[in-house]
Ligand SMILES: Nc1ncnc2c1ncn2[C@@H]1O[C@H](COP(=O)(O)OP(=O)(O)OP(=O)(O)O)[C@@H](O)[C@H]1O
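In C-alpha cells, the next block holds one chain alone, the form predicted on its own.
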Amino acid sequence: MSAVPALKIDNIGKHFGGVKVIDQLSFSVPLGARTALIGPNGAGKTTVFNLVSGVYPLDYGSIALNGADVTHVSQGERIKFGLARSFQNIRLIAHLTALENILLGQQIRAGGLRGLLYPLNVFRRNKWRDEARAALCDVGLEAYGDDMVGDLPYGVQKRIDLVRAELARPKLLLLDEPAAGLNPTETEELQAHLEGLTERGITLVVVEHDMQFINVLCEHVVVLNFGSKIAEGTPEEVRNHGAVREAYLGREEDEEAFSHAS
C-alpha cells in the first residue's frame, strides 16, 4: 500500500443549525483498499460522502484526495481529482436509455462541446459509445443498452448506476448502499465485480447495512455513531469492539450477521 492514502479526512466537522452531524472525524483510506463506513441510521455516513464529494462545505477540518487538499475545491472539480460516487437513491435519468445514462458518466473525460453532445446521440458512432456498450457487456447488461432506464428492474438500475460511476475512470469510488435491494445472486455478482475494480487500481469506500456483504468484501472498517468515529480496524476487530456492539450490533439479527459472515 502507498504511504499516501487515497482519502484522508482530518478532524472534519459539519453542523446543521445546532446539531453536530459530524464532529471531529478523522480517518484515512489506504490506496487500493476496500473500506466500509458503517454505523446505525443517523450516524452520519451519507453526510461524510456528501462532504468528501463537495455537496456540503466543511465547517472545519480538511479533506485530501491522493495527497491533494480538496477542502475548498468545488464539487465538479473534485471529479478531476479522481473522485466518483453512487447514491443511495438512484440518480439515473428515467427517460434516457441505459447506454445514454452511462454516456453521461463519461462527460468528465470527453470534455468540450463535442463531449456534451454524445449523450444526445448527435454522433452515433464514436469511441465513447463503443466503450459504454463494452462496459454493459462486461457486467452482463448488454441486453438492456437500448431500454429506457425507468422501465428496468431496480436491481438492474443499481448496476447501471455503478457502471456509470466507473466510466468516469475514478481513482476513488464512493458507493452508498450498493447492495440494497439486490437478491442473493445479484449481491454475489456485485461483490465479485467490486473485487475486480480494486484489482484494476480503484479504491473503494462503501456505506452498506448488509454486514455479511461488508465482512466478505472489505478489509478495513470505520464505524460511526452520532457523527463521531467509535472504532476502526478489520471486520473482526470492529466486530469484537464493545462500543460497536453497543451502538450498532444490539439487534440479534445484526449480531448473527457479523458472527456468520465468511
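None of these values were measured; they are calculated from a predicted model. When you see a residue number, it is the position in the sequence shown, counting from 1.
As for the form predicted together with the ligand, it is not shown, yet the points below apply to it.
At least one heavy atom of Val21 is located within 4.5 Å of the ligand in the predicted bound form. The closest heavy atom approach of Ala36 to the ligand in the predicted bound form falls outside 4.5 Å. The shortest heavy atom separation between Glu177 and the ligand in the predicted bound form is within 4.5 Å.
At a distance threshold of 4.5 angstroms between non-hydrogen atoms, Tyr56 is in contact with the ligand in the predicted bound form. Only one of 212 to 220, 195 to 203, 59 to 67, 38 to 46 lies within 4.5 Å of the ligand in the predicted bound form by heavy atoms, and it is 38 to 46. Scanning 218 to 247 for heavy atoms within 4.5 Å of the ligand in the predicted bound form gives no residues at all.
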